[in-house]
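One chain comes next, on its own, written out as structure tokens in the form predicted alone.
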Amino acid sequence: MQTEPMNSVEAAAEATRRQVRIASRLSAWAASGSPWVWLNAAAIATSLIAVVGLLVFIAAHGLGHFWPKAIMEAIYAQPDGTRSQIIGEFQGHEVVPAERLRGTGIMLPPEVTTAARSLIKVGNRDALGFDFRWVLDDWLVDTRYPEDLVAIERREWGNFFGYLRSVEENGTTIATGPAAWEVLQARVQRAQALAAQIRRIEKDEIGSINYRMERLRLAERRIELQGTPDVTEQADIAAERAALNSEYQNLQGRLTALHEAIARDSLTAEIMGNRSVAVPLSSVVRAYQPNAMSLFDKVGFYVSKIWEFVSAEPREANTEGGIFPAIFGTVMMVMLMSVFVTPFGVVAAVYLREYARQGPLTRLIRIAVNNLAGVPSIVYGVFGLGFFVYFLGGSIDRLFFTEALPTPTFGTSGILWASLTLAILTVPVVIVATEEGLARVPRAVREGSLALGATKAETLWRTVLPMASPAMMTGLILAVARAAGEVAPLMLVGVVKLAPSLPLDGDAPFLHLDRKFMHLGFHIYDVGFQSPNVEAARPLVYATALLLVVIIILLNLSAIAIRNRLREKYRALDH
């Protein structure tokens, strides 16, 4: 039996009914809230993918810098018949329009529209005048990777690439050929040990003596300003100065002997162009042969380089070495900022929520607090420079450090003023978060405490604030996340390119809040935009940015752990 086909009217009616059913189902689906759930999930997933992708990109470009790269040797044969030797590491590759290269004087055939070129790190800046060189891939011939090519990291002039020919002691050759490599390794370790002793004496011991000598000078100046010299005190100062001078002379004698000992050894190597160059071992940080290294050797080298990056001081205009002073300065500044911002923010929030009369003035204050969170950070830097440094710091100098004037003590940029400036910058976040926590404390809890005979202050201190402490920690977490990455205000109130001394050391009073400091954010800006050697600095920008993100995450995780512990502790009271 065959079904009769529907006429046009019935077909139209069926289509209408189908559309109505679909629209009804879509309306029910939208009313259930499922679209918004899926939309939020998609937004969160996209954000997570973007963040993870950014971190992977930064890590790949930053951490890859520490892996020992192979050193190639090739002949650069140009069309005009010129042939030159190239020794170095491949750093990058790109394809560029031929017209761009013709504009730099490179002769290419008219039919060529694009050309592939590579960036080679040739090192030897003291001998060649440059660290990096662009070469056309088609002009590189006879490329090979000899195992006896040596890479040398130096304290000055960047990396050195070449063939080791001999090792000298006081100008006399003591090893040549293959045997020279083992001798060189032993001599480099000796030079490194001597350099460590020199650095410890110069920075720690002599630095401590200079600091104490300056304290004696200021004490003597203070006696002069008092107008009534104390003979006994002056004699004590003179005796202590004599003892320090004697100690200084002894250290100078040791330094002279160490400098003579470290200057004993040198090496001779052949660089590109068949030129022989002498390198004093006093300038050598490490020497290695990457082409001859096994995978295990490369992993060990990689770990040692990363450890040097996080534990050593910078060198070569911050493009080599480590960034420990910047790590220390960043963490210390954030901790000081947290100490300052937490009580200020909590006290302000408690007053606004618990004591202030809720009226137009209170609402205006809350609006002002919220607006402060949107003020550009550089404005806070200008405020900190004017109020904290010039006004408050200058007043402290005139009251308590007159003997040091006109040289400022607190009347100049320092870590104290930087921490206070960032505390002012982040205090609105802490106020808002703390107020929200106080508002979530049930009214019945307050009334029950008061009914049991507690005063309002006791109720606030023993009941309300502990229950609102997770919200306080949330405000602190947000404050740390913002403050740790700020750079603009710090450039005005304390951060510097290179700080000779850490704010915390072994000299009384141990914590020197008047000292300038290094910061990871400013270090990124300085290395990325102010470095005289951009190509050498670029990988360190990525590595430092990754480290800054890791430090911020660790600080936030620490605060989150404390917040969760407080939340679990006072959860029973919420119910």
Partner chain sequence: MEKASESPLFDAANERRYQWRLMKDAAARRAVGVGGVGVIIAILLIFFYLVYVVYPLFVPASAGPVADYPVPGGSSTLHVEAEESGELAVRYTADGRAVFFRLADGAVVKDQPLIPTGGATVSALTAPDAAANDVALGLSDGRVLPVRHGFALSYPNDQRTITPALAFPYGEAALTLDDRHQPLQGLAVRDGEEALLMAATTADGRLLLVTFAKQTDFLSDETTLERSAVELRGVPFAPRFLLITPDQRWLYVASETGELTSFDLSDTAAPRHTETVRLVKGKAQLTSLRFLIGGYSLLAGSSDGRIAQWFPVRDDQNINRLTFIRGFQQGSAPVQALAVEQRRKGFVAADAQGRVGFYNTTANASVLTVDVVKGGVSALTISPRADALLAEGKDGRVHVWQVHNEHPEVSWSALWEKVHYEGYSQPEYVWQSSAANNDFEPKFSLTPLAFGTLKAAFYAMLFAAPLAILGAIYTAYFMAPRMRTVVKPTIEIMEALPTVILGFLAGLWLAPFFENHLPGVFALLVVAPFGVLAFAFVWSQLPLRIRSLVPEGWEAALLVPVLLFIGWFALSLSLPMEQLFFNGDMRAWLDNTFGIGFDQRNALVVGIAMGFAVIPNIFSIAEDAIFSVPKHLTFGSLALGATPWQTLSRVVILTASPGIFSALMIGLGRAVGETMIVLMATGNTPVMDLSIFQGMRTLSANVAVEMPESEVASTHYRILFLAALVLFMFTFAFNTVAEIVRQRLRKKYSSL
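Heads up, when I say rigid core I mean the largest set of C-alphas that superpose within 1.5 Å between the two forms. These numbers were taken from a predicted model, which means no experiment stands behind them. Residue numbers count along the first chain shown, from 1.
Omitted from view is the form predicted in complex with the partner chain, to which the following refers.
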* To do: Evaluate Ala42 for contact with the partner chain in the predicted bound form, applying a 4.5 angstroms cut-off between non-hydrogen atoms, and reply yes or no.
  => yes
* Mark Gly485 yes when one of its heavy atoms lies within 4.5 Å of a heavy atom of the partner chain in the predicted bound form, and no otherwise. => yes
* Indicate whether the partner chain has at least one heavy atom within 4.5 Å of a heavy atom of Gly64 in the predicted bound form. => no
* Asked: Can you check whether Glu260 is within 4.5 Å of the partner chain in the predicted bound form, heavy atom basis?
  -> no
* Candidate stretches 213-221, 316-324, 449-457, 196-204 - the one whose heavy atoms come within 4.5 Å of the partner chain in the predicted bound form -> 449-457
* Answer with one of Leu511, Ala70, Val51, Ala59: the residue that has a non-hydrogen atom within 4.5 Å of the partner chain in the predicted bound form. => Val51
* Counting non-hydrogen atoms within 4.5 angstroms of the partner chain in the predicted bound form, say which of Asn370, Gln78, Ser395, Gln189 makes the cut. => Asn370
* Asked: Which of the residues spanning 317-352 lie within 4.5 Å of the partner chain in the predicted bound form, based on heavy atoms?
  -> Phe344, Val347, Ala348, Val350, Tyr351, Leu352
* **Large Cα move at Arg462 between the shown form and the other one, threshold 2 Å, rigid core** => yes
* Asked: Superposing on the rigid core, do we see a C-alpha displacement of 2 Å or more at Arg357 between the shown form and the other one?
  -> yes
* Asked: When the two forms are laid on each other by their rigid core, does Phe510 show a Cα shift of 2 Å or more between the shown form and the other one?
  -> no
